[in-house]
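In the structure tokens that follow, the same protein chain appears in two forms, which are kept apart as structure 1 and structure 2.
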Structure 1
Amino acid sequence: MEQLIKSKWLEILEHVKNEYSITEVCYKTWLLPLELYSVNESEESAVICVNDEELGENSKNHIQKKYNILLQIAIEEITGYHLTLEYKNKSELEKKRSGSASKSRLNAKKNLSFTLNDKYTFDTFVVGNNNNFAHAAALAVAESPLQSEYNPLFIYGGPGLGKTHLIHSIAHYIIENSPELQVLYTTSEQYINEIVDAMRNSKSDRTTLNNIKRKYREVDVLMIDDVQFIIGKDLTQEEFFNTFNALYEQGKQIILTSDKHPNQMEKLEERYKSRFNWGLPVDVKAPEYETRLAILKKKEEKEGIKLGDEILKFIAENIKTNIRDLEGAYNKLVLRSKLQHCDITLDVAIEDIKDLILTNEKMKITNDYIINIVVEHYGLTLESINSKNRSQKVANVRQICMYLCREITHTSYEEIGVKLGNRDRTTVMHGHKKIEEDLKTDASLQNEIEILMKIINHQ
């Protein structure tokens, strides 16, 4: 009997997938790695091994809740045996026997939404040892937002390691697969602007503030990216924790990202630290060489522009600590190859991305690095910033680049102009001045620049 079920195991898993329309990403993450560990014929039971080393220990409960009955039915339909299933973590079983693991890989459909980057989906997220726990937790929450093992889901890690990508992936997934749920995604920056504006107006008109409170408290899933920027901003922070409590008490899902573990957040009061810790924080780390190369290959596949293995390996070998820089280097070379209508040689590549390597290795902040961050922050592309595009948004973001490059690196206007599509020094000077002037009166811009400075300086 054990032999029979083992020989049909893959068929059983595929049956579950097809019969119950399980998405590709869930199939590959949860089902495919499951192993039939043993079958006890007399007790009509079986032990299924969950790869907790790759998915985290909470995954077992998730799989049990979500897939147990489906697996039971599939086993019965395919083999004729009705079994009670017990789930055990691999680490537990391995004490008894060494088992083999199968890797989880990804795929998912996507959906567009207003503030979400449609490129940030589970489908485009490469899983490696550096982020498999965070990925598994994110997917578990995306699948069962109101019954997850993680509340709040708190994803933390250094800059450019995929936090925003993951939180957007969750949002896309929920919007597509649980359309009945009210999902609200915002960045700390938008949240602060909204609360501060409403508070300012509340002296004359309390309805705005009340409307905002209601807006945040009536959702099923609240997602806030980079929550660290809210911490320490007294009034906004207080409002945020009131909302947090209200949602938590109603069993709503809260998803947060931050640059640090709650316990490491200096300005966060103890009583709040514990709240962030309720759902077991998960981290994203810097990827290993193989994962870096896999990320670049995935980009190449999506973009359809080939730089060649030699160049991809060169980038992966030299940019180690930050996926944003890794992509920045790739984007820069792709842009050059498009503009010059020719293949890039390794020598050109070395010259072109040396500034990004410098930022990455020596933590020296370069203009290329700043431009990358600003462009990504506003959801634009390097290409549009370098182009002649004069739309208000692009022009404005370009000026923010000029302002921040000048303020942070103190390089000449000429040099900054070269990095921004060969613009001349007077254009850069004008852009810098324009932002400097606007900052005197525009509170939202002040907040945006403050946050961008913090992102750039890793504060």
Structure 2
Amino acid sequence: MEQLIKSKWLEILEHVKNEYSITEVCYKTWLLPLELYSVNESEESAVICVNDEELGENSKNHIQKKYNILLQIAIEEITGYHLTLEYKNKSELEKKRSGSASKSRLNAKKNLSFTLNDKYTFDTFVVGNNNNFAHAAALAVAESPLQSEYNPLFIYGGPGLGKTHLIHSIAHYIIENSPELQVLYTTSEQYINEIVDAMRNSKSDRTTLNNIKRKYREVDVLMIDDVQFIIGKDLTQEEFFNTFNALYEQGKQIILTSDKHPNQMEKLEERYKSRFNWGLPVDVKAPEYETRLAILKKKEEKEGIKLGDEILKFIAENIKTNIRDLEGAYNKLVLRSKLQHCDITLDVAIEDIKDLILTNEKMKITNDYIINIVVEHYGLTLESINSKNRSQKVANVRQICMYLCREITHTSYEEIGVKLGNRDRTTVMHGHKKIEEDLKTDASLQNEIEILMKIINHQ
């Protein structure tokens, strides 16, 4: 990914200039000097280097504010990758680079864990019924990595459910609280590449292979993400299990993630399955509604962009696959809000994320959803509908809400009343009955209800 984006960088900058009519002066002053410093594929993020030595230390804020969205869009249109961009001054990066070099000599143990996502910590992990046991086990291992009875800790579950978040959280916790321990986190892809390259060169030089073996066998905590990709690759698999045995016999902590329980891995030999089961296999399931909503609210709080409770509830009710899709829907709406400098309505949210909703699963229609559709259709606000306002227009729209909620969701009059300013059962029942009677003679009302039904059911 990084090589592709770097090779297209000038094209990306020129695309911004041409597509958004950036003047030649602004282009040469602000955009052309920008450098793509690094790309973190697992984080889907990139660091852009700003030459503060020529443009001044405040230039970074100006560029981020004025060109960030345009650069994000251009990168995605030309390369197909959607990245979060971070801007750093050249002086800051050079200082960090020189500081890291000296620090690595003094404290090499911390720097063995590469590509850790700073956002993936226990503090940012939302615990629910779907993952509470896995979270508790992960925290127990993080607190006592060399005394843990959970060795290996084997976290499994489908894609996008938080396995990587948990394993990164463990790494951050140990590095911060047990700096004397040598921690190594890697992905299966990185591990395979290192082993294959070392084996390829071993015929002429055994040093590289021996160094790789020591790298993985002389640590206190080894973490490998998506270990299932190692299974079935004979030479790499054999080397991995030699490393596994060496670490286990020394009492070192091993933490693995996978998409399946060890017993469900078809290509995994029984002797290896038994090793994975020595410690504790824990699963992470798809989050239930309450956890999905909590994740979105935490993300909204962190981003500082308010989509509103009704839109968050709509996303949480309809995006059920995994956390990645859930956050993807949220990010899509936030990006639209930034680009168009406007608030996102429920109608816009429905249209924007309908492609992310499971095609084989009917969208859940709730009382909140119906009330929002009706209120927006008549140009009113939720506050007016929920208030004691008894003007004819507000009262009529409120009764239409009562009627449609009852007809479509079949929930009780009490539940509907709660959604409409805590009105009592009798009031809701009267409102429903009035609309029902008026529909028998009022052709205009019949037409309005028909239109609203089509909007609500997306017909």
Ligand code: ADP
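Bear in mind the structure is a predicted one, so any value in this text is a computation, not a measurement. Throughout, rigid core stands for the largest set of C-alpha atoms superposing within 1.5 Å between the two forms. Numbers follow structure 1, counted from its first residue as 1.
Peer 1: Which of these two chains, shown alone, is the form predicted on its own?
Peer 2: Structure 2, not 1.
Peer 1: Would you tell me if R271 moves between structures 1 and 2 by 2 Å or more at its C-alpha, with the rigid core held superposed?
Peer 2: R271: C-alpha displaced by less than 2 Å between structures 1 and 2.
Peer 1: Does the distance between the two CA positions of I75 reach 2 Å or more between structures 1 and 2, the core being superposed?
Peer 2: The answer is yes; the displacement is at least 2 Å.
Peer 1: Return yes or no for L85: a CA shift of at least 2 Å between structures 1 and 2, with the rigid core superposed?
Peer 2: Yes, its C-alpha moves 2 Å or more.
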